[in-house]
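The chain below stands alone and is given in structure tokens; this is the form predicted alone.
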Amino acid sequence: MNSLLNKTFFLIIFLSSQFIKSYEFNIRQVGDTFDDPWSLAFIDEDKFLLSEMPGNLKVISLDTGELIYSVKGVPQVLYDGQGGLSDVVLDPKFSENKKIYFSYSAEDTEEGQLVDDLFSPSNTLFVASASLVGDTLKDLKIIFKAKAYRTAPAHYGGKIAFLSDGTLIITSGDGYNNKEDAQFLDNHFGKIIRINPDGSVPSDNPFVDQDNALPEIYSYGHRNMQGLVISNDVIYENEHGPKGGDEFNIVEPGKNYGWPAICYCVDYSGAQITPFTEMEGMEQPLTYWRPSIAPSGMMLYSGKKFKEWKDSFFISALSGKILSRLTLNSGKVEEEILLKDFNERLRNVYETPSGNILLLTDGPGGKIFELSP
């Protein structure tokens, strides 16, 4: 891959066999390799916070790719399977209060389970807030612990974003072995959550006054949601299907998105999960992928550098090893496949402050690449 660095590439895009646009662009590797990088957040024009799944939070220079400092005070995480330190986002008033929010998986011995007659501590998704004071996290507070206890370290979701009213949207995955629970409101499996920054529940959440429903729930019937974008208070998310049936959705309060009662999916074994793709009272995706591309991160692009890509959604893909560009026109989704020959499992995608595109690749030897015109 290092042979790609600092070279010029031509990207030819086709849609319905019609020529659209030819781009000349550079790919630059930022730094060397990182330890299972999952997400990042820019704290100024050059420096960004980088989360690594083993539980590392680092400040990296975009210009040099070098480590500026490692952040102290990160809580112990469960780094196993799909678990570990996940999303990191800045408070909308970060420049004033230096607060950050981050998600992670961890064991919870209070919620242990008997598995094959042996006690096994459960684990779940946590979201915490803290102030970044120098190189240390201060005043750390757990603001959300998902009532989605599992022994298998899988399908946490873990994405975080802010609505304009200051409330947080959190994705909480179905735990893989608990997919049926996504249809019930007494747990956080397969749910999108809305809370206040202090962890309290907004009074206008859709299920606040419903018996046997957890008040944090905003929508349900999801699988494993790892892409989340909020634009003008419209919530967009993407989620993994199994072998097929990945989805791109607009999320509305109180709605049921169907998993696992309906889906355009195939199980990993090839077996049918459900014969239904539609059912009354359940939402349809804007689009879906079959076979799966394993959609991970997602961003909405400003068009600062690549003008013709303004207001495009970019979705990174793991098993698909592509970057998908989606546009919405009158509710219709159009897709263009980028970096088809890049041959990297793409974990996440971001826009830099200057308008370049930043890609994180998956795994213990994960890399960061910057795309610029």
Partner chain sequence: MRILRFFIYLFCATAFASLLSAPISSFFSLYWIDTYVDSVSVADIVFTLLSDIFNYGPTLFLIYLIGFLPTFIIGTPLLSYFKIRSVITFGLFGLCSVMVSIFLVQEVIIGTKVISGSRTSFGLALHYLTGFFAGLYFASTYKNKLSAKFIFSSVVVILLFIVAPKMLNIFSQ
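If you're wondering where the values come from, they're calculated on a predicted model, not measured in any experiment. Numbering follows the first chain given and starts at 1.
One more form of this protein should be noted, the form predicted together with the partner chain, which is absent from this view; the next part is about it.
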Considering non-hydrogen atoms and a 4.5 Å limit, which listed residue (138, 290, 147, 98) is close to the partner chain in the predicted complex? 290
Among 286, 279, 300, 208, which has at least one heavy atom within 4.5 Å of the partner chain in the predicted complex? 279
Run the contact test on 104, 125 and 188 with a 4.5 Å heavy atom cut-off to the partner chain in the predicted complex and return yes or no. no
Please pick out the stretch from 126-134, 194-202, 227-235, 259-267 that is in contact with the partner chain in the predicted complex, where contact means heavy atoms within 4.5 Å. 259-267
Report whether the minimum heavy atom distance between residue 162 and the partner chain in the predicted complex is within 4.5 Å. no
Spell out, yes or no, whether the shortest heavy atom distance between residue 176 and the partner chain in the predicted complex is within 4.5 Å. yes
Residue 184 within 4.5 Å of the partner chain in the predicted complex, heavy atoms: yes
Would residue 212 show up as a contact with the partner chain in the predicted complex if we use heavy atoms at 4.5 Å? no
Could you pull out the residues of 261-275 that have any heavy atom within 4.5 Å of the partner chain in the predicted complex? 261, 267, 269, 270, 271, 272, 273, 274, 275
